[in-house]
Ligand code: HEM
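Only one chain comes next, encoded as structure tokens, the form predicted on its own.
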Amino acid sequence: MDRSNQVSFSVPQRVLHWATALLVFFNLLLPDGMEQWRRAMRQTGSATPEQVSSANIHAYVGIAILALVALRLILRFTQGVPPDPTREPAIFRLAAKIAHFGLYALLIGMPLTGIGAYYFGNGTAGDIHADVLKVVMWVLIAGHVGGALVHQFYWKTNVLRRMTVG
């Protein structure tokens, strides 16, 4: 797709980006229900209805993230994305591509490992989900936000604007 004239992401791409971000932050910042369920299952082999309900919220949000990411990828491949900023050095463009690939991989991998743990009882998937992927997700989010801020305030590009107001 020719994206040389594309200035910003489409409105649906921006809405999906921010909806995904909100849901990701919800699950990263409020995992208590799932953690209580997981602890109860390890200690006693059963959970209270309240623990199951709280864990279900976390699981449903994860499934919603997976669905939104699928839509985002469809739009990315059908509508394209704006070109890389010209002011960004080549090494940073490469880092951004790797980071975006990593974010998409995590946005798919985390819900899948969560599903494996919660619905199929795979403890290894749960450990990877909660102990490894969660940390990597925080690191990539910090890099993603940091990169947007560097673009805005150091390189003075439109990267932040094209994912907010267009």
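Just so we're clear, the structure is a prediction, and the values are computed from it rather than from any experiment. One rule holds for the numbers: they count along the sequence shown, beginning at 1.
Although not depicted, the form predicted together with the named molecule is the subject of the following passage.
Using a 4.5 angstroms limit between non-hydrogen atoms, A59 touches the named molecule in the model of the complex. Remark: V15 does not count among the residues lining the named molecule in the model of the complex, judged by a heavy atom distance of 4.5 Å or less. Not displayed here, the named molecule is approached by E35 to within 4.5 Å at the level of heavy atoms in the model of the complex. In the model of the complex, the named molecule sits within 4.5 Å of a heavy atom belonging to M137. Residues are counted as partner-facing when one of their heavy atoms sits within 4.5 Å of the named molecule in the model of the complex; in 39 to 55 only R42 qualifies.
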